[in-house]
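Below, in C-alpha cells: the form predicted on its own, a single chain.
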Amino acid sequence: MAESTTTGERVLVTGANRGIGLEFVRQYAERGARVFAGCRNPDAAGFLSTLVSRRPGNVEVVQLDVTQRESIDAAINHIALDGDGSLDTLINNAGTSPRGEEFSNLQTAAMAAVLEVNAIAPLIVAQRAHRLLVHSSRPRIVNISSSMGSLTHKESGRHYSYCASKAALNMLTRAAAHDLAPEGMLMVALHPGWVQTDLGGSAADLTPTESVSDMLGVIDGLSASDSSRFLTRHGEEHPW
C-alpha cells in the first residue's frame, strides 16, 4: 500500500538523479510532499529508485530531458493527471558544466549546449509548468544558480560557458519574475553554495544535505518581496 503524503505540497525537481537534485527529492519526500523527480534516464537512476521504494506515495520518477520540448510537455501532462493537477514548487536544478574549457578551445556548439541546459531550459520548463503552478495557492519557481554567474564576483578567467549561462539564468529569472508577479507567482535565483557533487568536487565546503536544508528554509520563507532576487542559501542578497 502506498504511503500518503502529509503536507499536500506538490514539487517538481529537474536533474533529480544525483547531487543537489536528488537531495531536494529526499528532503521534500521526508517531510511528506508529493515529489516528481525529473531525470533524462529513469532506468539508470538507481538512487531515485531506492527513494521510490522507501516512499512510494511521495516520490515518482518522471522522464524529463529539459532540452526536449516533447519530453517537457509529456512530463507536465503526466503531472497534470496526478491528484489535483496542480504544482506548488518547481525546482529548476538540471545543469551542466564542461571540463577543460579555455579561451583557446572554445567551440560555438559546445557553448550553445551549455546555455541551452543552464539558462534557456529552466525558463521553458517554467513556461510549460505554468498551467499547473497557477492552481497553487503559493506557487514558487526556484532556479538553481551559482556565484560563478555573478559579474561582481568574476575576477578570474576560464569557465566561460558555465559562468555565462548562470549569468543569463539570473537575467531570465529577473525578467520572468516581473511578468509572473501579477499572478502571485514567485521566481528567484538561488545560489546553493559550493557543494560536494560531481560538479562541485569532493573539496567543496558543503554536503548536499547541508546545502539543500538551508535552501529549503529560504524557499519556505519566500514572500512577494523576494521575487526576482538572486539569493544565497541563507536568504541573503547575492551580488549580481
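Here the structure is a predicted model, which is why all the values come from computation and not from measurement. Residue numbers run from 1 along the displayed sequence.
The protein also exists as the form predicted together with a small molecule; that form is not presented, and the subsequent description refers to it.
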Is L172 close enough to touch the small molecule in the predicted bound form, meaning at least one heavy atom pair within 4.5 Å?
-> no
Can you check whether V52 is within 4.5 Å of the small molecule in the predicted bound form, heavy atom basis?
-> no
Should A16 be classed as touching the small molecule in the predicted bound form when contacts are defined as heavy atoms within 4.5 Å?
-> yes
Does the 4.5 Å heavy atom contact test between D65 and the small molecule in the predicted bound form come out positive?
-> yes
Choose from 53 to 61, 173 to 181, 27 to 35, 199 to 207 the stretch whose residues reach within 4.5 Å of the small molecule in the predicted bound form, heavy atoms counted.
-> 199 to 207
